[in-house]
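As a starting point, one isolated chain is supplied in structure tokens, in the form predicted alone.
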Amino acid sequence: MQFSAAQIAMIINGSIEGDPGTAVGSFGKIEEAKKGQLAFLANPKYEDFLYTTEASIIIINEALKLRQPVNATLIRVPDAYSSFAQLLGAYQELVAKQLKGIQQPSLISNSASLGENVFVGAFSYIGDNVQIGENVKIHPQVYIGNDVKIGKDTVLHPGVKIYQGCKVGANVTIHGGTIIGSDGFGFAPQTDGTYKKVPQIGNVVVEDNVEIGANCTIDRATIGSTIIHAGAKLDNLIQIAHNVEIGSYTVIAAQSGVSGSTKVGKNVMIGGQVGIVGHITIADGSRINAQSGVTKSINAPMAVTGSPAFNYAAALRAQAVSRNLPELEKRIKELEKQIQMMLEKAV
């Protein structure tokens, strides 16, 4: 597909410097883009590439002052990064609209309800009494269990598995290999040292505008629901245990895990490889640094780091002190010598 500078400027509400008829058919990074590609410049560190790139169209900030002439057609916007993201979204939506119909082989229950303009990729399975909204895109090899509900404009990438009874909202994106609704990790210890499985009869509820990365696992509740609230964003390789709640607009980076029944508040930022124990609460607006281990509730918004995690500012002070320990040890030994000499003189 080819798009002109005039068409692109209309989508992102930008102003053109150069030829409005310049056309592009793909995207490229500004440092390596070729003719016929569109690039963007948001980070000043890459400004030198603006004058050497072969890109045909470049999106730049309104405030940027050129140091020399540029060969490409420019589109100026208030925020080049946001406008580029907007353009990519529009392009992705356009591509998605071309996916329609039901590919074969696939198995769809006669009791399932599919909305208009739904796409079902080959080798997918849709169980009994499933309800799927309009414009949903189900890529190949997706499994949707009985009684699942999926809202409009949601995208399920290849290999997604959604177990029975779970609910997924509108405009949700779930990437390949993710499993929604697997059993929570519940086993009751017995007197003979064995474990008896506790049936997990709840479900998972994923609200609107959530994005879940690849190869995540979100366990169904023992009773009730594991809930990912509206607008939350989960990276790849994340484990969410049974009966957890993730607050609206919270973001979690890769390889993090949240143990059972923990309640994570709204607008929380969780770095990569964070571990959070079960049955605690994380206050709205908290910040948890990468590789932290959170072992108790965070009752007021704060930044924490370390394992066990504690206040970020205090952690920095502790690190500064630890770096000075060799010098402090030397000074203490010197003071001990001086005290010993004073005591000997006094005798």
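Think of the rigid core as the biggest set of C-alphas that the two forms share within 1.5 Å after superposition. Bear in mind that the values here come from a model prediction, so they are computed numbers and not experimental data. Position 1 is the first residue in the sequence shown; the rest follow in order.
Just so it is clear, the following notes concern the form predicted together with a further copy of the same chain, a form of the same protein that is not shown.
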With a cut-off of 4.5 Å between heavy atoms, is residue 319 one of the residues that contacts a further copy of the same chain in the model of the complex? yes
I'd like to check something about residue 285: if you look in the model of the complex, is any of its heavy atoms closer than or equal to 4.5 Å to a heavy atom of a further copy of the same chain? no
Hey, in the model of the complex, is residue 19 touching a further copy of the same chain, heavy atoms inside 4.5 Å? no
How about residue 152 - does it come within 4.5 Å of a further copy of the same chain in the model of the complex, if we only consider non-hydrogen atoms? no
Interface stretch in the model of the complex with a further copy of the same chain - options 129-137, 70-78, 142-150, 110-118, non-hydrogen atom within 4.5 Å: 142-150
Contact set, 110-133 vs a further copy of the same chain in the model of the complex - heavy atom within 4.5 angstroms: 122, 123, 124, 125
Determine whether the C-alpha of residue 322 shifts by 2 Å or more between the shown form and the other one once the rigid core is superposed. yes
For a quick test of reading the superposition: does residue 41 move by 2 Å or more at the CA between the shown form and the other one, rigid core aligned? yes
After the core is overlaid between the shown form and the other one, has the C-alpha of residue 279 moved by 2 angstroms or more? no
